[in-house]
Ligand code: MLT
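Next up is one chain by itself, shown in structure tokens, the form predicted alone.
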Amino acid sequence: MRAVLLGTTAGGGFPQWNCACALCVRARSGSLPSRSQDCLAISGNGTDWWLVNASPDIRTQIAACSFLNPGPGPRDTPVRGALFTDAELDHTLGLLTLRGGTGLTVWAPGTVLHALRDQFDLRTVIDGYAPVAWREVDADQFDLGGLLVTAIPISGKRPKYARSSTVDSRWVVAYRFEDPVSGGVLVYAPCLASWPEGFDEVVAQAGCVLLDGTFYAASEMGSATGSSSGQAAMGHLPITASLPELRRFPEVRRIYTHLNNTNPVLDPSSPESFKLREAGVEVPLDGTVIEL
């Protein structure tokens, strides 16, 4: 199994277009590396590749990843489709860029498929260009090009555009990918509102866990930007709460992704970054390749 971190930041990327916080200013000056919005590419056989979420930056992310180069035919592509962890715009709008593709399949929880039809009709728009096969993920494990995939419900947080929806079910999932040949297991959970019951077992059985690192601390966004919205309203467990949990699994490769532009761990020289390194937890850049 091979996975590529195509993007590692939360909505808006880094630097964020409308933000002049200290970290974004440094990124614009070149003293900190820029990052694109959270997205993963994964393959079990090196031929068929799947996107996990499709960020608005997907065109440049695909172009920067040689594994996803088109060919040998003029319109051939190794991208077979996408899996959505949730219905957030930052994780689904990239599908519009892929509208010229043919034979793509999108896997998502039923709530997400509902939102992308009844709340924000992305599905009709996409299908008007090239029909997509929409597949609902449920509690059953399924095969994805040689990878065994399990969706793990982790949150009921719905996107703002779907706040009027009366559907009450699992809105956010993590994905567990298992390579039956190598035995490698990767868990991708870029949105985590809390540490769910049973998640210990999920982490313990993984070779690598990619976890929600949106905020370092709950008060961070307000302190950096003067915004009144914080972690509780946005549904992301801060690193200060998840790091003690991760410390209990030193044998697992642990990675934070989906970093907000205000997160001090974007600066590798910060005290917060030092604490992560001391715990053996990584904050890798876009383009990082993981093999299991």
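Treat the numbers as computed from the prediction; the structure is a model and nothing was measured. Start at 1 with the first residue shown and count on from there.
FYI, the form predicted together with the named molecule isn't displayed, but the following is about it.
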{"item": "Interface membership of G11, the named molecule in the predicted bound form, 4.5 Å heavy atom rule", "value": "yes"}
{"item": "Partner proximity in the predicted bound form: R117 to the named molecule, non-hydrogen atom cutoff 4.5 Å", "value": "no"}
{"item": "4.5 Å heavy atom contact, R99 to the named molecule in the predicted bound form", "value": "no"}
{"item": "K157 within 4.5 Å of the named molecule in the predicted bound form, heavy atoms", "value": "yes"}
{"item": "Segment that reaches the named molecule in the predicted bound form - one of 140 to 148, 82 to 90, 104 to 112, 177 to 185, heavy atoms within 4.5 Å", "value": "82 to 90"}
{"item": "Partner contacts in the predicted bound form for 249 to 284 (non-hydrogen atom within 4.5 angstroms of the named molecule)", "value": "H258"}
